[in-house]
Every structure is written in structure tokens, then in C-alpha cells.
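Next up: just one chain, as C-alpha cells, the form predicted on its own.
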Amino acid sequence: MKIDIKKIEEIVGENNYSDNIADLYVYSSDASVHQAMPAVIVKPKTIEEVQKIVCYANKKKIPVTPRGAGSGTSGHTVPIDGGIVLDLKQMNRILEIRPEDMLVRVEPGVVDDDLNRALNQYGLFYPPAPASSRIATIGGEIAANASGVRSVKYGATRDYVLGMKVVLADGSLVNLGSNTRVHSAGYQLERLIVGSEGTLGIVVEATMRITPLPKFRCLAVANFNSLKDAGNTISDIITSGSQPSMLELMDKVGIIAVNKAMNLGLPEVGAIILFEADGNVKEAVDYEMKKMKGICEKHGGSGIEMSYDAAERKRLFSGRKKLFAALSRYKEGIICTDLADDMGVPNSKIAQTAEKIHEIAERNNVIMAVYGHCGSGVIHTKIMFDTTKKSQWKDAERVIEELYDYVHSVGGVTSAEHGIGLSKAPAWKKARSDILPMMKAIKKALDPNNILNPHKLMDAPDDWVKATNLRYNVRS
């Protein structure tokens, strides 16, 4: 397709677009394994500019891929059909903070950590922050229904979206939702946009619920000889009626990796659990921590360290915080890839799923780490292998198929917080074939020319390896 660059320049100005090959290469990938080149990068600053760009693209049937920070792990913002990548990071204003209504209005390019810094002075915070909160944008988090380490208590992005302004595929602007915590006034279409990965509309403003910062937080770590014991501990904590504000898992692979990368000197045991409670009454937090500590000890948890001090809590959490980045240091000659990275399982299946992951990995000649927000049933994995070898990519394909078949067999889901994109689409479509016709019908109704992030989710290719170029040098 031919894009009229002069038309683009008329809309956003000469400094807010690029078809330079170096820029196109930067925007050709996200944090996933995928890569595909766009034709032009466009950086709007206003809602009106977004509308004009989308209206032009719709008339010419040019694909438009909305993009925030590009921190997605499944290929959400990889422009599989080329066209326009719409970089929304310049729309980064916090428009309004309303403590009296416990809400905030933001543009989609606002970075999560920047928002929480602004809210902090009011004694408030936005809880769903993912691990990538230093760079992740609110628009991207809405697109993927992101969540993070405190999802066990505070939930995911969808639980905080009150309303939004959305540019549809024809360039029209709609206002969805409300400024109230509940409403029963027609279809809750704002919920439909959350998790739609840019396929139904472009979020250009969001009204988000916020909550008071707790006065007290206490974090603890416990060591376990086996991954199974750690998994059973997590299940018991959840079913006990405890209210953790964080409940995280790291397996031995992750522990070894962060020790190598950060020289933390963590005990290289079967697994580590981090558990936290927060609240406004210290005695209540003490009660929760004591209860969770007792459950850890019942399952063999040892070496338990606990602290209310912010600096000490940061130290205790540092290994988990940097785990993803550290995994490629686990073993010489292997690379950590974002594949099969965030399945969700029922709490009762955490222990056996964690063990199954290692069994599947060993049988297929790869290494996998098991970690994540397991209190929410979120199990993160990373497949680590020699990415230069074609045979290892075949191993990875088998791992993904086997792993998702197992997860679905125990009532789990393909993605808990990162979304589907390209990498997980074949497994997800296999498991959810019943809803695909409905999703296709909704997509057709809202985007008849299929310009908004085409070939993602239900329309993604059935072979994720061949869907795009791989962002790796595969030699043999």
C-alpha cells in the first residue's frame, strides 16, 4: 500500500513522523520474539490528530498499529501488515486528579510510575502496576488488561477503568463508561475495550479509579526445599482467608540467575516465596503476616525474613524485581525468550503446574523458570535455549503446545495479564474456538476494513514462528 507522507505531515507536522529506516527498525518489534517493518511511524499529540490519521488510514485501507512503550511480550505492537505505527507516547498528560472522587483522567501515553509519583503527594496510588511500570503506559496496560505483583489483593487494570474516550476505525470519537464506580446504563463497552489489544479502537483518554496508599506494608521471604512445597503453601494461604497484598514465587532457576546477575547471595533452594500484607492498622497487618508465616512453616518454609522498613523491603524484593532481566545469565549460550510467559491456573493447581513446567522443559531440551504472581494464579515462565539453532526453536514449539494443552486441561487460561498477540494465538484459538465467531463479528462491526492492529488475537496466524520474522539470528 502507498502512504501519502505529505498528508501525514499535514496532520502531525514534520517533526512527528518518520519513515527513516533506522526508526522503522526500532518500531518493528516489541519485547516479543517477533519483527515486522512498518511503513511510517506517526506520533500524534492530540485526539484530533489521532482521528485524522485513522480517518485517512480507513479511507485508504492502511493498517494502523497503536503502540505505547512496546513492552508487550506477545507481539501486540508488531505491525504484521506494515502500514502505520501510531506511537501514543507524546499524549502523556495527567489531565486531572480528583481525590474527592477517587479518580484520575489521563492520556494513554502516561507512564505508570509517573502517574503513581503524581498520586503519591495526595496519599493515593494506582495499584495494577506491572513489573514494567517504569516504562509501561496506561494505554498499553488497558489494551492488555495488565496487572502486577499486587493483583492478588487489588486486581487488574479492568478493575480500575471507569471510562474512556476511544477513536474508532472510521475516525469517530466515542465516550464510554462513566465517572462513577458502578453504572447500569447500557452495555459496558469500556470493558470490551480493555484487553482488546488495539483491535477495536484506540484509547485516547482514560478515567481510572484510584485508592488510598496503605499506612503500613510488611514484606517477608521464606525458603523451601521443593517447588511443590512452595506451590502448596501459596494455595493454602489463599484458601485460609488470609489477605496478602503480594504473594510471589521464584524457583531455583530464577534464584541462580539473579545470584549470577546481581550477586545477591540468595540460598539456592527449591523455591522462594515473597509474601506481603498492607493496611492502615499495624495490628491487622501483623495478624496477616503471622498467619501467613505459620502456613509457610507448616510446609517447611525456613529462613523467614520480615520487615516494615521500605529500604529493607526493597532489598528483599530486588531479586524478584530483576528476575526477567537476569534469566539470560543463568547459563552460557542460552537466551531467555518471551514465549508461553503468563498462563493462569486455579490456585489448587499451582504446585502441580509448576512441577509440570519443569518436566516438559527437561523432556524437550530447554530450560524454563517458574515464577510470578502465584497468589493470583499467574504463573510466569520463560523458555531459555540456544536461539541460533533451528532444532531448539522446534523444541520450543513442542514445549508451548504441551504446556498450554496441560494448562487448559486443568481449567487454566492462555494468558493472565500479558495478552494474546501473536505468540499465544494458536494455543488460545484452539482452547477458545467457541468464542471466536463472536469476536470476529464484533471486530467486523467496529472495524469493517480491518485496519486496527490486523492479524492479532482471533485473526492471528496459526503458526507463530512463521507469522513474522524472528528477532534472532538463527544460523543452523
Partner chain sequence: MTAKKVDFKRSKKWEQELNKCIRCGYCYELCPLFKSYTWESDTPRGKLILIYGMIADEIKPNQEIVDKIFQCFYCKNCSDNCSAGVPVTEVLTDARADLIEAGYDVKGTIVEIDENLCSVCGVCVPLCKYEALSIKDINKDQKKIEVDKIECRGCGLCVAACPSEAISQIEGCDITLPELHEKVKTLIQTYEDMKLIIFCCNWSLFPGMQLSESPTIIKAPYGIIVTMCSGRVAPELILNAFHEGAWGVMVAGCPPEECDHDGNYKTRRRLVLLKNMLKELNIEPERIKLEWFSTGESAKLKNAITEYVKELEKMGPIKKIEIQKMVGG
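Residue numbers count along the first chain shown, from 1. These numbers were taken from a predicted model, which means no experiment stands behind them.
This next part talks about the form predicted together with its partner chain, which is not shown.
- Not displayed here, its partner chain is approached by residue 92 to within 4.5 Å at the level of heavy atoms in the predicted complex.
- Contact annotation: residue 367 falls outside 4.5 Å of its partner chain in the predicted complex, judged by heavy atom distances.
- Proximity of residue 324 to its partner chain in the predicted complex: non-hydrogen atoms within 4.5 Å are present.
- In the predicted complex, its partner chain lies within 4.5 Å of some heavy atom of residue 29.
- Shown without its partner, this chain lists 114, 401, 355, 170 as candidates; in the predicted complex, only 114 has a non-hydrogen atom within 4.5 angstroms of its partner chain.
- Comment: its partner chain is not present in this chain, but in the predicted complex one of 427, 407, 69, 451 has a heavy atom within 4.5 Å of it, namely 69.
- Heavy atoms within 4.5 Å of its partner chain in the predicted complex map, among the stretches 435 to 443, 60 to 68, 408 to 416, 47 to 55, onto 60 to 68 alone.
- In sequence order, 15, 16, 17, 18, 20, 21 are the residues of 2 to 21 having a heavy atom within 4.5 Å of its partner chain in the predicted complex; the partner itself is omitted from this view.
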